[in-house]
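The data below hold one chain only, encoded as structure tokens and taken in the form predicted alone.
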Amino acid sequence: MRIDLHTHSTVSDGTQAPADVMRAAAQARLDVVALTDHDSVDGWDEARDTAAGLGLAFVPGIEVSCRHQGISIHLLSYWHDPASDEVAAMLGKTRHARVDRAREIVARVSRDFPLTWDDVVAAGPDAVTLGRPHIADAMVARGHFATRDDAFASVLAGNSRYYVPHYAPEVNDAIRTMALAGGVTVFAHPGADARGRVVPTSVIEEMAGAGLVGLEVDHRDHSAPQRERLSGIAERLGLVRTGASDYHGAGKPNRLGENTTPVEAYRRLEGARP
């Protein structure tokens, strides 16, 4: 059984509609696939209906943008109740902050590069929340950069003079909020140090104490030593070791099923549901 528990659609920063992500998953010969758009569940219904018609097992998920002591943390949550008032309030505050931040980045960038907010909207017409990936796509469309990655390595980098911080919930609060709504949480790409600072092991221990269920160990942004380190942490803390593609369609080179979650690990995640 081939299981990929981390994918994105046009609801956030992917380049394919939720239904097309499911079709691509079927073509990649996946058996189980999760849709985990950033801070939104708006693609669930479309993805679920399409997956059912393709014989795929669909896992409803989300990737929540969090922080701990100034370090960005991405938290995957599966099977939570999307109607939870607490979850809706947390995600709504995050989405509003992300849009305000994106507008400010565009204002700063436009002083040096021809770029408008309308360009960004055009780059993500189906996105629930516009963010840096859509700004990158708009800059590519304008001819300022060749690829999204090139824009992130320059103008949109965390140390760029155009960078703007934004609100994100404290990760342990987010873990508890998702758990109360029936969610099973996994720390996404915890060792991806090329993206910026990563939290030390002590923070993962705190997250486990708050109710974290798993670590996404097998990810293209993790080196072999990182995978070994994270595997040891997962085993010591009793966390489920997962793997996934972090698929974004044409937005990133990640390919569906390039990393997968073993069946035994998936069963443990299912067993952690309240």
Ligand code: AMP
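The structure displayed is predicted, hence computed values, not measured ones. Note that residue numbering follows the sequence shown and begins at 1.
Another form, the form predicted in complex with adenosine monophosphate (AMP), is not on view; read the next lines as being about it.
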property: Candidate site 2, 48 and 266: all three near adenosine monophosphate (AMP) in the model of the complex by heavy atom within 4.5 Å; result: no
property: Which of 200-208, 168-176, 132-140, 81-89 lines the interface with adenosine monophosphate (AMP) in the model of the complex (heavy atom within 4.5 Å); result: 132-140
property: Interface residue in the model of the complex among 152, 113, 162, 117, criterion: non-hydrogen atom within 4.5 angstroms of adenosine monophosphate (AMP); result: 152
property: Answer option from 95, 108, 144, 101, heavy atom within 4.5 Å of adenosine monophosphate (AMP) in the model of the complex; result: 101
property: Adenosine monophosphate (AMP) contact at residue 252 in the model of the complex, heavy atom, 4.5 Å; result: yes
property: Adenosine monophosphate (AMP) contact in the model of the complex: residue 222, any heavy atom under 4.5 Å; result: no
property: Any non-hydrogen atom of residue 248 within 4.5 angstroms of adenosine monophosphate (AMP) in the model of the complex; result: yes
property: Proximity of residue 241 to adenosine monophosphate (AMP) in the model of the complex, heavy atoms at 4.5 Å; result: no
property: Members of 186-221 lying within 4.5 angstroms of adenosine monophosphate (AMP), judged by heavy atom, in the model of the complex; result: 195
